[in-house]
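Only one chain is shown below, in structure tokens, and it's the form predicted alone.
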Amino acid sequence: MIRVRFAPSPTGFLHLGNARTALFNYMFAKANKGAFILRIEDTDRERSREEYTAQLMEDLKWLGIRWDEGPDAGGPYGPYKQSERLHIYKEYLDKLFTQGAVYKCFCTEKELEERRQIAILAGRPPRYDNRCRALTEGQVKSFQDAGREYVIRFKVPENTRISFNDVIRGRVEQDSSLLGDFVIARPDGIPSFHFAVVTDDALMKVTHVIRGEDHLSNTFLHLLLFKALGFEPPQYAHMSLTKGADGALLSKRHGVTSIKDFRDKGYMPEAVANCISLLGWSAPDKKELFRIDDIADAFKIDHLSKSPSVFDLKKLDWIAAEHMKLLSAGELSLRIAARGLFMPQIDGVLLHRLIDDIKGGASTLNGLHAGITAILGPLAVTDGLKSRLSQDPARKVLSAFAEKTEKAEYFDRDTFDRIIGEIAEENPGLKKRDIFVPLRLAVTGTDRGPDMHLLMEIFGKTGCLDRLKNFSEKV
């Protein structure tokens, strides 16, 4: 059975790159009827926060990603938080000590940095020089008796070629001489990323590790640990990284990058998940609009691109607008209300007609709500509006419309059309645009928007006259 995992560190909000990793793991599991595991790597006690764990789990669920095993779901290989697995790491660390595969290193951070700079100046790889590997038992005891701090390093085999077949990139290899002995634990028992990941992947029976190419160099270290611990390694697939539209690696300077940011701005989850899924992958039929669960069965990991993917906010806005069009006005109204946004108190049928009319121009629920309130809320009479509407023929059109509407016994679609027709007859030089644009501007403050018949139905005779009066008083 195929088993994959997403293992974030709760040191910040879930960002787009990590969400992409989670999504591809989830789709791969679904496509192969496998298990998707959520594991929280919270051994960084200084930076890990429970609130980040809660937020990232909420964000994953919001995107439509569900895990089969995890901190809240349980499972046969828990616990699923690394901070609760320290006794397990100690057991396997003791095993490595027994094998003579690890040792204590007493080099200070200052010493390590000085040697690193010397190596760089000499044109050598800036790796650890393994000097503490040769310490005698007496030297180790002396350092410990003196209270010297230490870390535990893994002995990298010398003169060894480490290689594996990457599902996306093919065969990759590395010479062990370029690696240097690496840290796998601190004396307080807290494991390094490398040691915890390998132990957990092995014990949780992970079959495929799908992660970013920034972890490619780590994989060589992990393969050495798998071998030393006597475990069969999983298959690895290293995805290309995601860049911004400017070609630089995606970062905060590109604006919205965390899933929380997308949520706060009112993007819909199906749109965000849809956009993320297209970062380095495409559906077999090249279709770009879909819900994740509708396309997951067609996902193939070896179809991921080796080239960097590019996140473009304009592409997200297009996808989001298309998803907006697929939803009914009733569903959109409920989603807006669920965000705690106030909806104008008008007839529900008219509100839904208004939403249907303007939803195609919005990419977020916040934007749709803003469009609704801009139309139905108080009209702001700006200097620009005054300039456009205080001169003829606009002034004459508004005056005539107000006068005829005031006299009308009924105010419905037919009445509105009759009044517009009369104004056109009385002003033969005017085109319909010359009549509609000033009227729309005076009632809504914008020259684009919903059908005028719908607006007149929404505002009614009294509402239209009040808006025209409000405008004329300020001009």
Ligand code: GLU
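Numbers follow the displayed sequence, beginning with 1. Just so it is clear, the structure is predicted and the values come from calculations on it, not from any experiment.
The discussion below concerns the form predicted in complex with the ligand, not included here.
Go through Phe193, Tyr103, Phe226, Phe143 and name the one with a heavy atom inside 4.5 Å of the ligand in the model of the complex. It is Phe193 that has a heavy atom within 4.5 Å of the partner.
Between Arg353, Arg211, Arg169, Arg291, only one gets a heavy atom within 4.5 angstroms of the ligand in the model of the complex; which residue is that? Residue within 4.5 Å of the partner: Arg211.
Residues in which of 211-219, 258-266, 69-77, 376-384 have heavy atoms within 4.5 Å of the ligand in the model of the complex? The contacting stretch is 211-219.
Using the partner position in the model of the complex, report whether Glu41 sits within 4.5 Å of the ligand, counting heavy atoms only. Within the cut-off, so yes.
Examine Val4 and determine whether its closest non-hydrogen atom to the ligand in the model of the complex is within 4.5 angstroms. Val4: no contact with the ligand in the model of the complex.
Is Val197 one of the residues lying within 4.5 Å of the ligand in the model of the complex, judged by heavy atom distances? Yes, Val197 sits close enough to the ligand in the model of the complex that at least one of its heavy atoms falls within 4.5 Å.
Select from 7-27 the residues with a non-hydrogen atom within 4.5 Å of the ligand in the model of the complex and write them out in sequence order. Counting only heavy atoms within 4.5 Å of the ligand in the model of the complex, the contacting residues of 7-27 are Ala7, Pro8, Ser9.
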